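Okay, so here's just one chain, in structure tokens, the form predicted on its own.
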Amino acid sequence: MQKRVLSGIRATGRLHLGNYLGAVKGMLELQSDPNYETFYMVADLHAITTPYDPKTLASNTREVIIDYLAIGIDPEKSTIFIQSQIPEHTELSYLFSTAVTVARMQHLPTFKEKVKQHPENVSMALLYYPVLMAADILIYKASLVPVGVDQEPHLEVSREIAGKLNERFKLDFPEPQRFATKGEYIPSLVGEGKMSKSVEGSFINLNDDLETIKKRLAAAPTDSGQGESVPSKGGVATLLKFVELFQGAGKCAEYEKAYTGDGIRYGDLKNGLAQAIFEELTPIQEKRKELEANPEYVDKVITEGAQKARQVASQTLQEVKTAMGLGR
């Protein structure tokens, strides 16, 4: 019997390398495995938990759908859908909220981090984020979630909710585990934290041309290029991480050896890395142009994906409501 997979990316516009390496590559790997049934959403409800522009939310959501398709998420193999089009998610999340405490949510490191980032916008929706994420996953009874390592605290909440409801109401939710990719944590080009659209200069977009990629890499902080030991954090460590991901472990080892020897010429490193990144992104960009020219196909994918997702989601929701004494 196939196991189910759920993953999603927030609707903040076109995807960047952090999204691609940290989540979508894992999504592709699982899509091609016949042991799994894959559900991939665009998380527009999660996007409104922090400040956003309502005028661009719909277009940003569509941009992610197009990027999914351009990268290779196949609607014949995966159910592709928009989170807000499946109202069962929010209804189930309310039922789930009876199984967690406010204190548990407030102690999550991800919540504390967002409070620091947006001190003027600490909403109930932000506190509630992990509960909705648990509903996103468990409404499809997904046992595997290809997301970055930074999402592990949220998955722990999902497992806790699944365990409590299974014990209390004799339900059969799996306890979801994270599917790790080689790029499970993609560092920022500025040398601190992870790659994020909210940090200027930290990211490379999937639609960037070669010159733009070169400029973004050129701005990454470096040092003299030589030392007794290879840096484990900061801009140099970030560049070497990208070398490993796009040019291979062997090339990365060459640069590490040079660092403790004659030194690294960062201009050569950055130019070679930019070329390798662009070569991987070129077929994605070409496919995206085809999709942009065929909006009817994109509309069809969105409509059919919502229909497929709701068939599964409505069944799970009814099971939970019945078990909790709310069913007809």
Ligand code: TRP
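All residue numbers refer to positions in the sequence shown, first residue = 1. These figures come from a predicted structure and were not determined experimentally.
The next section is about a form of this same protein that is not shown, the form predicted in complex with ligand TRP.
Chemist: Considering non-hydrogen atoms and a 4.5 Å limit, which listed residue (Leu281, Ala43, Ile264, Leu273) is close to ligand TRP in the model of the complex?
Modeler: Of the listed residues, the single hit is Ala43.
Chemist: Just one of 167-175, 135-143, 95-103, 206-214 has heavy atoms within 4.5 Å of ligand TRP in the model of the complex; which?
Modeler: Careful reading of the contacts points to 135-143.
Chemist: Mind checking whether each of Ile86, Lys308 and Leu317 has a heavy atom within 4.5 Å of ligand TRP in the model of the complex?
Modeler: No.
Chemist: Report whether the minimum heavy atom distance between Lys25 and ligand TRP in the model of the complex is within 4.5 Å.
Modeler: Lys25: no, not in contact with ligand TRP in the model of the complex.
Chemist: Quick one: is Ser78 in contact with ligand TRP in the model of the complex, heavy atoms, 4.5 Å cut-off?
Modeler: Result no; Ser78 lies far from ligand TRP in the model of the complex.
Chemist: Do Val147 and ligand TRP share at least one heavy atom pair within 4.5 Å in the model of the complex?
Modeler: Answer yes; at least one heavy atom of Val147 falls within 4.5 Å of ligand TRP in the model of the complex.
Chemist: Considering non-hydrogen atoms and a 4.5 Å limit, does ligand TRP approach Gln247 in the model of the complex?
Modeler: Taking the distances in the model of the complex, the answer for Gln247 is no, it never comes within 4.5 Å of ligand TRP.
Chemist: Quick one: which residues from 151-167 get a non-hydrogen atom within 4.5 Å of ligand TRP in the model of the complex?
Modeler: Read in sequence order, the residues that approach ligand TRP (within 4.5 Å, in the model of the complex) are Gln151, His154.
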